[in-house]
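First, one chain by itself: the form predicted alone, in structure tokens.
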């Protein structure tokens, strides 16, 4: 009888620990995905504005600022790639330069905004083609 009770307690404890471990392992991938999802949302908002010719600087500036902040999160979010791949580092730096260009040279019209957004999208594509 004692053996049966100990077996059941062991099974329950093992199941609880396994569930906790699975949750922890799945949570470790959320941060990089979240960074990418939010960057994609900001870039898409800029592209939507261009499609409807709404190139308002306040809105574009807000999205550009958020992209710049997120560009600084790429390094900690993808630390393993940063450490192991010089191509990834170059892609990240290209993206950061493109976003920095948008912040430094505030677009005065849709054509200027389109050039900046195109450069950012190309930097995204270059990285995703190499590392996705």
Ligand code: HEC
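Source: prediction; values computed, not measured. Positions refer to the first chain, counted from 1.
The same protein has a further form, the form predicted in complex with the named molecule, not shown here; the description that follows concerns it.
Proximity of residue 102 to the named molecule in the predicted bound form falls outside the 4.5 Å heavy atom cutoff.
Under a 4.5 angstroms non-hydrogen atom cutoff, the named molecule in the predicted bound form has residue 33 among its neighbouring residues. Put simply, residue 113 is far from the named molecule in the predicted bound form: not one heavy atom of it is within 4.5 Å. In the predicted bound form, the named molecule sits within 4.5 Å of a heavy atom of residue 40. Contacts between stretch 113 to 131 and the named molecule, counted in the predicted bound form as any heavy atom lying within 4.5 Å, involve 120, 123, 124, 127, 128, 131, listed in sequence order.
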